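What follows is one chain in structure tokens, specifically the form predicted on its own.
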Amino acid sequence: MKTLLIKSVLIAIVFAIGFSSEVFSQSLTGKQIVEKAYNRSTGDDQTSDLTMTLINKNGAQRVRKIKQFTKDLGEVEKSIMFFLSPADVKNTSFMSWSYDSDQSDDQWIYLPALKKIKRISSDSKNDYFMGSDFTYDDLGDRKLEDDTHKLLREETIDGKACYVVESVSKDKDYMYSKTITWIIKDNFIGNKKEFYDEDEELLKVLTIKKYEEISGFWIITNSEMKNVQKNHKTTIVLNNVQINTGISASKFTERIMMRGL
């Protein structure tokens, strides 16, 4: 599983470990740093309970409970999530397939009120997911070659020495003109990521609040995405994380989306 952003999230947001900064500090390029972060395994499959909290500028909160499953099938990684509460989103489900090839992600959302599965079109990837501060694109798999990566500097943040890497989109129509990522030097875990809009103004900041070693894998268990322009944020907390339990590939189908848990 190799999403730079949030595959947890839902997304994706875990980074490779096990490379000594003493060896690579002077020789790694921005692309190599991101590549090591991108190409890491978080197990063959994963199950977790998510608590997604939406917090507006006045501090009012909306809390959503979600069950999530992911499975790495080699050439494609599949994930599916089921909303359990509150009542207005209960039984909504979302599925994403991310490919190792240049093929774009496939994504679907099931809306129980309409009893209909909607495929997320490329034109809708910039839309925000279920009122959160994550877009559908954030929940997909950003390919390494989609951006030009540059090591800007090395600095310490929250007491941790980090590489600071700028990634500029090669697609001028992409919603983010660039991102800047802080990656911890001694274990290659992401610590923070900034997203800039088409005018190169800071739009959002993703902050990793907590990561844990579970079954031998580093898993992001607490993260926050803040839209600084709207003063709105979304937190995601993972609990009951289980890895390599043998989830069936048949779990990730439109039929299961409609049937639910």
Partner chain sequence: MKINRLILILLLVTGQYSMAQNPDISGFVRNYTGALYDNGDFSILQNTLNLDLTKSGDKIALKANPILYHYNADSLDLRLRELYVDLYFKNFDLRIGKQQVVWGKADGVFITDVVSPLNLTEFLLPDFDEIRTGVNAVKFDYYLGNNTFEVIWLPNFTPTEKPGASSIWYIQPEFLITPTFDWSRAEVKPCLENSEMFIKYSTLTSKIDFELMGGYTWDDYPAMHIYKQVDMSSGSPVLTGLNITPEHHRLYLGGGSFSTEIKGIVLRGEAAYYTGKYFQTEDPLAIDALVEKDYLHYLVGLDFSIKDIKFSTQLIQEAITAYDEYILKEEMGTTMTLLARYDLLRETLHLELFSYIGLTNEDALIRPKITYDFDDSFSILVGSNIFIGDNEGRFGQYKNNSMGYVKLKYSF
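Predicted model, so just to flag it, every value in this text is computed and none were measured. Residue numbers count along the first chain shown, from 1. If you superpose the two forms and keep the largest set of C-alpha atoms that fall within 1.5 Å, you have the rigid core.
Only in words, not in the display: the form predicted together with the partner chain, which the text now covers.
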| property | result |
| --- | --- |
| Residue among Thr181, Ser98, Ser132, Ser93 with a heavy atom within 4.5 Å of the partner chain in the predicted bound form | Ser132 |
| Segment that reaches the partner chain in the predicted bound form - one of 225-233, 31-39, 212-220, 199-207, heavy atoms within 4.5 Å | 225-233 |
| Exercise: Lys193 in contact with the partner chain in the predicted bound form, heavy atom 4.5 Å | no |
| Exercise: Lys170 in contact with the partner chain in the predicted bound form, heavy atom 4.5 Å | no |
| 4.5 angstroms heavy atom contact with the partner chain in the predicted bound form for Asp186 | no |
| Partner proximity in the predicted bound form: Ser121 to the partner chain, non-hydrogen atom cutoff 4.5 Å | yes |
| Partner contacts in the predicted bound form for 95-112 (non-hydrogen atom within 4.5 angstroms of the partner chain) | Met95, Trp97, Tyr99, Gln103, Asp105, Asp106, Trp108 |
| Core-superposed comparison between the shown form and the other one, Thr181 Cα displacement 2 Å or beyond | no |
| Core-superposed comparison between the shown form and the other one, Tyr163 Cα displacement 2 Å or beyond | no |
| C-alpha of Ser248 moved at least 2 Å between the shown form and the other one on rigid core | yes |
| Closer or farther in the predicted bound form, the Cα atoms of Asp123 and Leu50, when the shift from this form is 3 Å or more | closer |
